[in-house]
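The chain that follows stands alone, in the form predicted alone, written as structure tokens.
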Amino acid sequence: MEDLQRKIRSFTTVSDADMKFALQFYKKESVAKGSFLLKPDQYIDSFYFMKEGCVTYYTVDEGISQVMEFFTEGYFFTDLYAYIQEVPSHAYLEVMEDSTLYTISKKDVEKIFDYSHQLERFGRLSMQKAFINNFQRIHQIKNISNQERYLELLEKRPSLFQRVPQYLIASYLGLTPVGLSKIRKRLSKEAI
């Protein structure tokens, strides 16, 4: 659980005693490729930390998938809106490769926040980061060219291109698979 401890402490200082208290509530879980942590109309009561693997967070509207995020090693994740509002989800959390997660229930999250100001601060800061990430993603889709979004993803998260199908990367970038293919082809010609 050292990776989980490091991630929590990357947000704020947490004493060893508070960390020990918090970690007792996290359950290690192995999930197989192709399984779902969440489907539409289900409630979500868990928050996850990705130790190893990849989960795709997406919606389907009129038969078209829209990938919102890929959660890989070191990410905390859930369907945040459904989790906070305690409403049925509209999204999928699909496991893209055999994965190892640490899972904590909402009830246990509340226990650790009540127990320690440091842990509650971690929770607030991690939620703020999730909000900022969502805002930045919307900004990118609206204000950055398709090619720039592709290049930025390639620079920041190159392993995704070996881990998930290209059509999902295209969806994440707000492109069609053909559009992504054209960008890749144009860039390969420019490199020659």
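Residue numbers run from 1 along the displayed sequence. Predicted model only: the values in this text are computed from it and were never measured.
There is another form of the same protein, the form predicted in complex with the DNA; it is not shown, and what comes next is about it.
The contact with the DNA in the predicted complex, taken as any heavy atom within 4.5 Å, belongs to 167 out of 167, 135, 36, 43.
Contact with the DNA in the predicted complex, defined as a heavy atom within 4.5 Å, holds for exactly one of 24, 181, 15, 10, namely 181. Partner contacts here mean any heavy atom within 4.5 Å of the DNA in the predicted complex, and among 119 to 127, 159 to 167, 65 to 73, 48 to 56 they occur only in 159 to 167.
By the criterion of a heavy atom within 4.5 Å, residue 186 is counted among the residues contacting the DNA in the predicted complex.
Within this chain, residue 175 lines the site of the DNA in the predicted complex, having a heavy atom no more than 4.5 Å away. In the predicted complex, the DNA lies farther than 4.5 Å from every heavy atom of residue 140.
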